[in-house]
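Okay, here we've got a single chain as structure tokens, the form predicted on its own, with questions on binding and movement later.
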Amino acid sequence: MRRMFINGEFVASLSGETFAVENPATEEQIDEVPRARAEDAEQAVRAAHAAWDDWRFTPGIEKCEMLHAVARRIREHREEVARLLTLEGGKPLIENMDEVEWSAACFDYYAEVGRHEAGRVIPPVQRHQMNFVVKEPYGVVVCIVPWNYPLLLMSWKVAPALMAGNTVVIKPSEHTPLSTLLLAEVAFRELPPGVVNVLTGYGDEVGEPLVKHPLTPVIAFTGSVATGRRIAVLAAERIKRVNLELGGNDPFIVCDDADLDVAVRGAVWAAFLNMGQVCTSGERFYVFESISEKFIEGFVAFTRTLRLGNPLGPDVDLGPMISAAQREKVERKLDRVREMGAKVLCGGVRPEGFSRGYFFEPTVVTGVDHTMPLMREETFGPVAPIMVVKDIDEAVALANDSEYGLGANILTNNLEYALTAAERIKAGTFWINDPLTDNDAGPFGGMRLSGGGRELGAEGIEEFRETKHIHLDYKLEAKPYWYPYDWSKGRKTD
């Protein structure tokens, strides 16, 4: 059994309770971890708060060196960490090898960004004065992380929070806690005790106590809209800062000038990467009418070539979905749109030959419209609904017909198409001809129901710093505007 990480030590929950972690490809138990409760949250927050008293004043160059050390240790254990990610999360090993590298790169990036500046000097309003704008850490940051990219989305929160001078308590998903605990073992020990803490458990049992705790002024969360709303309400009671990335229902436009072979491959990958369990998956496709027949034919044909199987590989493109509940949610949505008149061209069923594991065939759906839940809600599964449109204006209008605004994609070599869509579509990230690619220096986050705040880039570290103005007069002398007032000055005379 793996244990939680509090104040530099691996510990059991105070209650002694545990829960099992399952392999979604085999439905077998991998390990068990502590089931944390409010009393464990109290311990972790107190440890993080005590560590913050020193960590906040640790010089930037020292924090920089420690974050680089974390990145090195992650890379040294890349294969071990990636394998564990695959066992508990179901993504193909080849994708998890990338996730481990991206996570290490994020720590390297913020190690450098965080020592670049800590504020600015502004012009004074009087002689012999100086004015400083100083960026300070908040204190203890709660990082609540989802199961689809457990380490990457953790690093996007933890690395900037630490470099800004905060300490953290991480609550990984109950589906995928093992890889985060392994990182605590192999990498986070490069940091002083209490700077990083990891609690394993369920949202209502330990996540909520962390959000409500008086010593956690910042909550960084990636997950569902429903949970994000709950966190926002709880945080508002104490006027806490929240950074919420709440998923999306991302549009994907394919224009009539696109190379169809390239467009099909890019669109299929955007739809089915990690079984569609990506917050920026292509979830609704808008294809120009003039190419729609050939595009759909190619999309279906290429989808049928994708290889499902053991995510440890080799020769596998898709693993299982994360859980039975997630698969059943997708099945119910497909049943609903079939009733509404949509047509499933391929997939839509559990594959033959898989007696265990939460596998599902990648699915292509046509005959959809904006009355259907596939086009209105986040699916988070391997389903690609395709809708035919007349032109770029209709595609943009439909793309904007949504409560979400996380990402959007377009495939085109027409500059007018690309920039018209980029300018008009409401989305935190807009990809032109390269779907779903992230850049550590480019801010990531949503609009509308997709949340608020930004991760990555300079904006990412600003989420974890608050601003102080320091006014300095280096000559102590009485000011003419102090008491007693001289009423003769400035008085209107006849």
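Quick caveat, the model's predicted, so the values are computed rather than measured. Quick note: we count residues from 1 along the sequence shown, nothing fancier.
The same protein has a further form, the form predicted in complex with a small molecule, not shown here; the description that follows concerns it.
Visitor: Name the stretch: of 395 to 403, 239 to 247, 358 to 366, 184 to 192, exactly one has residues whose heavy atoms fall within 4.5 Å of the small molecule in the model of the complex.
Guide: Stretch with heavy atoms near the partner: 239 to 247.
Visitor: Closest heavy atom of residue 221 to the small molecule in the model of the complex, within 4.5 Å or not?
Guide: Close contact exists here: in the model of the complex, residue 221 approaches the small molecule to within 4.5 Å, heavy atoms only.
Visitor: So in the model of the complex, does any heavy atom of residue 292 sit within 4.5 Å of the small molecule?
Guide: So residue 292 does not count as contacting the small molecule.
Visitor: Quick check on residue 151: any heavy atom within 4.5 Å of the small molecule in the model of the complex?
Guide: No, residue 151 stays farther than 4.5 Å from the small molecule in the model of the complex.
Visitor: Quick one: is residue 78 in contact with the small molecule in the model of the complex, heavy atoms, 4.5 Å cut-off?
Guide: No, residue 78 stays farther than 4.5 Å from the small molecule in the model of the complex.
Visitor: For the three residues 211, 231 and 279, verify that every one has a non-hydrogen atom within 4.5 Å of the small molecule in the model of the complex; reply yes or no.
Guide: Checked in the model of the complex: all three residues contact the small molecule.
Visitor: With the small molecule left out of view, choose which of 378, 95, 317, 108 has a non-hydrogen atom within 4.5 angstroms of it in the model of the complex.
Guide: Checked against the cut-off, the match is 378.
Visitor: Within 4.5 Å of the small molecule in the model of the complex, heavy atoms considered, which of 414, 420, 227, 131?
Guide: Contact with the small molecule in the model of the complex is made by 227 alone.
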